[in-house]
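In the form predicted on its own, a lone chain appears below as structure tokens.
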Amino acid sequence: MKAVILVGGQGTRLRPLTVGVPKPMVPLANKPFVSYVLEHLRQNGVNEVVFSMGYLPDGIKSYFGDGSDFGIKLTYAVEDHPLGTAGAVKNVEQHIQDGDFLVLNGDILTDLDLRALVEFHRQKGASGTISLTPVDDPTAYGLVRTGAEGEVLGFLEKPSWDQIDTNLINAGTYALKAEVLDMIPAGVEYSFERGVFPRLVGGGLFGFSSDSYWMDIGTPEKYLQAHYDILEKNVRTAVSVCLNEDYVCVEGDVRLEAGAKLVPPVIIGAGSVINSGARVGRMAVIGPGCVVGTGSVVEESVIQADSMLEEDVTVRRSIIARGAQIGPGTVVTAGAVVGEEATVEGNNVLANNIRVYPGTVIKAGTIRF
């Protein structure tokens, strides 16, 4: 079975991390996020994938190429204007019209059993099968009502508590028959959620419920949580092997100076330097080529590649993007995000979900939250 990965969105909720980087290429535990999606597909027996792209497609193409280095055959299609989830699949019809196929949203981290989904889809003779996952707060989502055999009975968009009779939501992975493509108009914006699936209710649409791990990484908060879940092995990924039993993953040559401390779980990228008196972890990911200065502390945070933290910097529950520089004595905390190549000079305090956009320079002592 072939698969289509939808990677056309601009990732606006994840800004400033996605200003110059397509969301699928934002690093998750030091690898492009969408590489986890490809690994998941390959592990489930899928070896042909079509990327349906829009925003900043070149970075994806140049990294993955024809897919041979990743054990998978890749094809690319770029939409010239937004086509929606279904329109984006219609746009790649020539590559998938010879049988059933999978569709995956490109911003979902999951270890869903795709083989079981496909088997369910075929046993039911379904036209379409939607993966479903339970959530704690159903009022924040559109709900999917199903019958005793898994048939989809209808949809309920962001209900009040007195309307709720299920906690199952669309988990963003679908198995579809090729005939579904005939329901999608070509060249216009059209969605599965509001266009195709409501029309299929009563006509062979099923829901496959699973309690597998599921996370939409579309916001900085969810992006951080996905890192925590990888670090704690709440989701099965290739990184789990590197973490081993001690939950410390050192990915290559790392200089750990005397008196520096790693507190598991932690991941340290190749070529990084952790200076004396620095403490990294728990729940921290340091990208390749980073420097963590003397006396600095990084915990519950992500520091992307080639970033510099000078002495006595504190980073807690925050994100520092690639190539940023953080000056001495600065505190970055409480959901702050510092964009690529930004410079935050010494003695600043960034907190309260502040967003620093790429290339910004914040002078010493300017911000004191």
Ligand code: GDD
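In this text the structure is predicted, and so the values were computed from the model without any measurement. Residue indices: 1-based, along the sequence shown.
The same protein also has a form predicted together with the named molecule, omitted here; what follows describes it.
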Is Tyr228 a contact residue for the named molecule in the predicted complex, using a 4.5 Å heavy atom cut-off?
no
### Query
Looking in the predicted complex, any heavy atom of Arg15 within 4.5 Å of the named molecule?
no
If we define contact as a non-hydrogen atom of the residue within 4.5 angstroms of the partner, is Asp253 a contact of the named molecule in the predicted complex?
no
If we define contact as a non-hydrogen atom of the residue within 4.5 angstroms of the partner, is Gly84 a contact of the named molecule in the predicted complex? yes
Are all three residues Tyr141, Glu157 and Asn170 in contact with the named molecule in the predicted complex, where contact means a non-hydrogen atom within 4.5 Å?
yes
With a 4.5 Å heavy atom cut-off to the named molecule in the predicted complex, the contacting stretch among 294-302, 211-219, 120-128, 237-245 is 211-219
Contact with the named molecule in the predicted complex, heavy atom within 4.5 Å, among Glu232, Asp111, Glu179, Glu193 goes to Glu193
Contact with the named molecule in the predicted complex, heavy atom within 4.5 Å, among Val49, Met53, Ile319, Val344 goes to Met53
Checked 1-16 against the named molecule in the predicted complex; residues with a heavy atom within 4.5 Å, sequence order, are Leu6, Val7, Gly8, Gly9, Arg13
